[in-house]
Every structure is written in structure tokens, then in C-alpha cells.
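Quick setup: one chain, the form predicted on its own, written in C-alpha cells, and binding and motion questions come after.
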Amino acid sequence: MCRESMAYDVVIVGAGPAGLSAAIRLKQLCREKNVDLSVCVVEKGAEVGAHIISGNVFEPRALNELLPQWKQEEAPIRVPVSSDKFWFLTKDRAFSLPSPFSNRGNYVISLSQLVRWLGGKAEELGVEIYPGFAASEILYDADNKVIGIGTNDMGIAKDGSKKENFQRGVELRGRITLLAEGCRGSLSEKLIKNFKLREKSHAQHQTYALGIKEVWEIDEGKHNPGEILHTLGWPLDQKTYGGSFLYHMNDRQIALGLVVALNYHNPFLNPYEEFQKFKHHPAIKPLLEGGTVVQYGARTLNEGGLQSIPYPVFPGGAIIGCAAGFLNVPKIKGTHTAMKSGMLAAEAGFGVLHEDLNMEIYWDTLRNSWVWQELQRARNYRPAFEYGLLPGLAICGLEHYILRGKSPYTLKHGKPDYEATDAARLHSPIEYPKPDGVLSFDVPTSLHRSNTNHEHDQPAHLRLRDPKIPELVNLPEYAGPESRYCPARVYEYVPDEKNQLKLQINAQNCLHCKACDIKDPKQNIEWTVPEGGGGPGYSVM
């Protein structure tokens, strides 16, 4: 059956901060130059913002450039940062440290709300946005140039048969294709490999962390809008990089989360359970008591920084935002850099389509922008912690207070995250306390709060390259780590009729966090897009 094909000047995959900023900038340029270019954005979430999750202390620098009148136009950015605390936690105490963050002029926001607002601004300018459609393949011409994307078929049963509601995917063909899929984008990763984009920029491998987050509604008397807190230390051990965040939003809500670097060594570590444990710390528990959880979610984030950015231009388009990896690790911010990358790619793309210029201009302007300057200054913070917590803090102190980002050296990252996992025999199992149902919760309870939903009768979007590896390698050698690093209990080892443990994949639970695609020790799990519209349904994340 032939697919319907739709042609646009620019096709953008992903309605996040980068994708929507690119779309808005393109349409602004069209108005400035009196040119008519067609722009479409395809988004796998059921609605714009449904898959967007972030801390988020927002730096408005890029938004000031893109939409200078955002305050008058009622952007959902209303809570300025009022205080900035930084603690080092032990099991029972919190020690205040000088805050290395500079958050004056920043705001505590919900990024999913901001993205919905940006989507409205894009549509006002004439951008066509298609939520609920998952880009599942890259389209190439005879010269191996990217000419758009194909969305996946809808209404296919688990056994591969077509259901009554079967609908063929569509081809969205573009003169330029921009990939703004977010961290570990599946199509972006394929293009990076196909065109050897890491080799082209001499980039190191990307390194990642898993962020687990809840939004709570707390008592009025405990709520201080704009107050932010970051912590290091407990509950993580000194060889595991990570920390927590706690941000006071508006309407008595707080954003609370734990970020765990995925190059941790101990296969028995469970990031979800570490987060549940964290909430019982004596310095955190009193704030949460009497409160209720509004929403839960999880997502991986890029932490490789400057060293890990691939060459972002490919024949026919470019990679933008977190799909390329512009997160500023010491700032714990990537929204402003993602937006700026989208704007720069839009300007380069407009030059290609209207002035017959070259898309490589995006790479040149990116390296001459404040994004590159930021990442250049921040490049040594994350790899400093390869040496452990205390040496990492010492190196970061040197970078921040003395060298001020102008160090004459560039540190390298260690092993890729999947290679960092030790054999189980080198560690002891970790006993985590049972959830109390008040501050800590089991995974099914949290999943319900993420509004995650997938059509059950569809082919599994989590694929094993070799179905034998879980039982032959992962379980005996690493004690089945996929049953712990996944924050949604997608992977479970259950006994079969012979009482032998077999891996069961509960794909309907998937939060689209991508941790499995990153952390599986043998890189045996491939994350592909499910039917469009599936996954989490975030509203305040």
C-alpha cells in the first residue's frame, strides 16, 4: 500500500524547545524577508508538551532573542529565583556549601507548560504541528541525501497483522530536515552513525544521566516561590556522580528530583529506589510531610558537553537541541542552549532555501555563538568526577573560582556508560526500604501519576538485537541490571514453566526515558518509536 506524501520546505522532528524555536525563527525570517516557506513539526506525544520533562530553572537568554515580548504575551514564566542553596548531604545531616550557581535573573518553570505556549506561538506564525505522529524512519534520495521522514504505521497488532483501524504512515518530505528529538533521539543516533558525525568533529562518546522527578503540592506555610536547592552526596556513593534538585514553583508546587549519572559501576544500584530513599532525608522529609504528589516522570539527559558534540550537519539537514547534546552540566541547564541551536539552524536553513547558501553555516555560527562559549567554559566539570566525588569537587572548585573556565587543558570522559557497569560478583546486593506510601512509592503508583499509556496490542517498540543475551549474559554476569535501571519496571525477570528466569518486557510502561538504550551492558536493547500518541502525558513537568 502506497503512503501518502506531503511536501514542505522544512520538516522538524520534535516539538520541544529546540524544534519549536527553529520553527518560530524560520517563520519570523519569512515575515522579515517577505518569503513564504512551509514549515511542519511532527511530535510523537499525544499533544505538544506531553513528553517534555525538565528541572527546570530557566535562563531566558534565548527566549529574549526569539520573542522579546514574552512577558507581555503571558508566557508561563512567572516565578523568579529568590534564593539559591547548595548542600552536601550525609545520611543524617545537610552541610551548606557556597553555591556555584548563578541564577539571578532566572525563573522556576514547568518546561512542558512553556513548550505548549511556544507551540501556540509557532502556530500563530503559520507553522503546521502534527502531534501524535512518531517519526520512525529517515527518507533518502539516490545520492544518500536526507529528504524527509516517514511516520510509523498505526493499527498494527502484536502479531504484525493489520487491525480494523490500520492507517498507513505518511511521508513528510522536506527540502531541509531538522532533528530535534531530545536526548538520545533514535533517528539522530542513526544519522550520527551513518554519516560518521562524531568522527567528523573528533567528538568523544556521549555520556548520560537519568533524571527522576516528581511534582508535589505542599503546605502553604512551607512554600517559598522561587527558592531553589541543589544537593550532592547521599544517597549516592562517592563513586557515583549525581545529585538532587528541589525547586519551589507557583501554586504551592515544588519540583523534586534526583539525577544519577549512567556511568555508575554497581549493577545493583536502582536510581528509582535511590530517589525514594532521598525523600526520607531529615532535611527533606519535613517539607514533603502533609503534601501530595501531582506528577511523576523520568528522562535521560546528555552530560558529555563540548567534548561530545557531533558534527551537527548532514546532507539535507541538521541535528539541533539535546539530540546533539548542548546541556551545560555545571549550570544544569540545556533549554536555553537547545533553543539557541534551533534558532541558528533555522537561520542557516533559511539561507539555504532563500539565498542558496550552505547548511554548514549552522556549524560555523554555532561555534561563534554564546552557546559554544558557555560549553567551552563548562567542559571540564563533568569529566572531573571520573576521579570520584571529592577529587571532582576539588577540580570543579579550581575551574570555577580560579581558572574561571579558561583552563589550558580539556579533560576526557571515561568509558561509555554501558561499559562502566561492573560484574555483579564485585558488589553486594543493595537492600532498599519498602515504600511507605506517604513519601516513597512503588513503581506502579508512580507510573499512574505519569499518565503513561500505550496501545497494548501493537508490536513491541523495545527490541532485543539478540533475544538470548538477557538470560545468557545480563542475568548471570550482571544480575539483570535492566530490572533496576529502568524507572518504569519495563524489564522484569519472571520464572517460566520450568522455573527458569526469563526477561519479560512490559513495553506499555515505557516513559520514553531511553535509559535502556544507553545502559544495557551489551547494547542489546534498541529503543524505537511506538505508535504515535503513546507514552507519558506530562502537564506540569
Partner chain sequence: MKIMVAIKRVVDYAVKIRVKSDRTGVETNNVKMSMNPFCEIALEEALRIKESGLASEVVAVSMGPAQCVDTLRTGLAMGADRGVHVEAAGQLYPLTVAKILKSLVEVEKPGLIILGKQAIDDDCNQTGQMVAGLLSWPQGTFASKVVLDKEKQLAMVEREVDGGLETLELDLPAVITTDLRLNQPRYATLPNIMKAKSKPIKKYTPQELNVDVKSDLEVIQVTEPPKRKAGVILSSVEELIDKLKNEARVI
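Numbering follows the first chain given and starts at 1. This is a predicted model, so every value here is computed, not measured.
One more form of this protein should be noted, the form predicted in complex with its partner chain, which is absent from this view; the next part is about it.
Trainee: With its partner chain left out of view, choose which of P391, P459, G155, G120 has a non-hydrogen atom within 4.5 angstroms of it in the predicted bound form.
Mentor: Checking each option against its partner chain in the predicted bound form, the one that comes within 4.5 Å is G155.
Trainee: State the residue from A378, L353, C396, V294 whose non-hydrogen atoms include one within 4.5 Å of its partner chain in the predicted bound form.
Mentor: Selected option: V294.
Trainee: Please identify, from 237 to 245, 163 to 171, 67 to 75, 256 to 264, the stretch that has a heavy atom within 4.5 Å of its partner chain in the predicted bound form.
Mentor: Selected stretch: 163 to 171.
Trainee: Does its partner chain come within 4.5 Å of any heavy atom of N451 in the predicted bound form?
Mentor: Yes, contact at 4.5 Å.
Trainee: Taking heavy atoms only, is R175 within 4.5 angstroms of its partner chain in the predicted bound form?
Mentor: No, R175 sits far enough from its partner chain in the predicted bound form that none of its heavy atoms falls within 4.5 Å.
Trainee: Given that the partner is absent here, does L503 sit within 4.5 Å of its partner chain in the predicted bound form, heavy atoms only?
Mentor: Although its partner chain is absent here, L503 would stay clear of it in the predicted bound form, with no heavy atoms inside 4.5 Å.
Trainee: Is the gap between E477 and its partner chain in the predicted bound form 4.5 Å or less for some heavy atom pair?
Mentor: No, E477 sits far enough from its partner chain in the predicted bound form that none of its heavy atoms falls within 4.5 Å.
Trainee: Hey, with its partner chain in the predicted bound form, do A46, Q113 and R252 all fall inside the 4.5 Å heavy atom range?
Mentor: Judged in the predicted bound form, A46, Q113 and R252 all sit within 4.5 Å of its partner chain.
Trainee: What residues, if any, in 520 to 541 have a non-hydrogen atom within 4.5 angstroms of its partner chain in the predicted bound form?
Mentor: Contacts from 520 to 541: E531, S539, V540.
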